[in-house]
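Quick setup: one chain, the form predicted alone, written in structure tokens, and binding and motion questions come after.
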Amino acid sequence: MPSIETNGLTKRFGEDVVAVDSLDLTIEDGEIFGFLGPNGAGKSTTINMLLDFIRPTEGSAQVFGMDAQREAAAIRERIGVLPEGYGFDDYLTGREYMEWAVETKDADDDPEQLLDLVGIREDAGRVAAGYSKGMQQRLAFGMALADDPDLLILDEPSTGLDPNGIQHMRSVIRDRAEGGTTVFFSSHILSEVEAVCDRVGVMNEGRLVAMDSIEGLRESASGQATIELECASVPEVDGVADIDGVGSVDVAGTKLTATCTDPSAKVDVVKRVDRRAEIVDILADNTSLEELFNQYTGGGRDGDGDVPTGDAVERVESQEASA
């Protein structure tokens, strides 16, 4: 049974604003799923509908097979949530907040262990309102981990964290996923998504415009991939440019560079050159996640391009049809 499933999920605000438009999404049990998109793409609105903070205009959402609106209380008993922009503004200490989270969930966790897990045990006696943004984020993440939830919903989880904090959070997320926890998180930080996710869904202007693994997105993207081969001697290039999916070939000394319109053609380039020269080093340059993001979102909110309507959308539509 999927941990999260939406069917035609739609949210309109007034007559003119469609925040989420006919979202069909399936997140499998134990998966780390990244919800990617520019600000205003509909990511947080989707999360709020999954949590029954707002009601959909049309469509439905199920969490653990339960209706997200009718059975919200039962769902919340099994999830941990780190909302975007969570802050602490009263006079409780970090330890008191963590104790409150454990008590509220009627959990068996040791608050000290959770504080240690997120790296703020030494500062647990301080008033949380005086924490830095990164420390508050660590505390909120630790509170979400209380009672070992079956599903973690994280909205922009890296906000305020320094590189060490981001790396540590990644490690905790991976460990929980290996233990069976499903992780669903939204982010516009591309490196964060690429580092931890099994699959990615890309939202743009309320619509799901692509959904696949990072490698799957690269294969269906319209960008190019470059491969550089350092050879022991000057390589022969006869026939390399004729390989399907190869756009251009350049030789400079003992280095051959091939630009491929089809990333899978890189393998054929290596095989062809290897038959004629000794290859001593290979450097492959894949389409970056930033390039993919720009292609699928038309540059995001700051771009002026059109959203792709070819392979990326066809891939989503075929997945939806077979679901």
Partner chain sequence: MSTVTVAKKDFKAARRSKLLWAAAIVLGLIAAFVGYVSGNAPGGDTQQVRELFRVLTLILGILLPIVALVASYLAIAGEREGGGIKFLLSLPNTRREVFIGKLLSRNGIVAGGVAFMYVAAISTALTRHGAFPAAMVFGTLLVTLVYGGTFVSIALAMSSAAASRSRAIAGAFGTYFVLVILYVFPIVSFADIARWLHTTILGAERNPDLYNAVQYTSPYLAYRKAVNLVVPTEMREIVFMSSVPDEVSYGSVEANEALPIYLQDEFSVVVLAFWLGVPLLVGYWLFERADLE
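Just so it is clear, the structure is predicted and the values come from calculations on it, not from any experiment. Residue numbers count along the first chain shown, from 1.
The form predicted together with the partner chain is left out here; the points below concern that form.
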Checklist outcome for this item: Which of 108-116, 168-176, 201-209, 77-85 lies within 4.5 Å of the partner chain in the model of the complex, heavy atoms considered? The stretch 77-85
Next on the checklist: Can you tell me whether residue 96 touches the partner chain? I mean in the model of the complex, with a 4.5 angstroms heavy atom cut-off.
Outcome noted: yes
Next on the checklist: residue 252 versus the partner chain, in the model of the complex: is there a non-hydrogen atom within 4.5 Å?
Outcome noted: no
Next on the checklist: residue 275 versus the partner chain, in the model of the complex: is there a non-hydrogen atom within 4.5 Å?
Outcome noted: no
Checklist entry - Just to confirm, residue 89 within 4.5 Å of the partner chain in the model of the complex by heavy atoms? => result yes
Checklist entry - Of the residues 152, 197, 227, 101, which one places a heavy atom within 4.5 Å of the partner chain in the model of the complex? => result 101
Next on the checklist: Exactly one residue in 240, 143, 135, 193 has a non-hydrogen atom within 4.5 Å of the partner chain in the model of the complex; which is it?
Outcome noted: 143
Item to check | Heavy atom within 4.5 Å of the partner chain in the model of the complex - qualifying residues of 1-29 | outcome: 11, 13
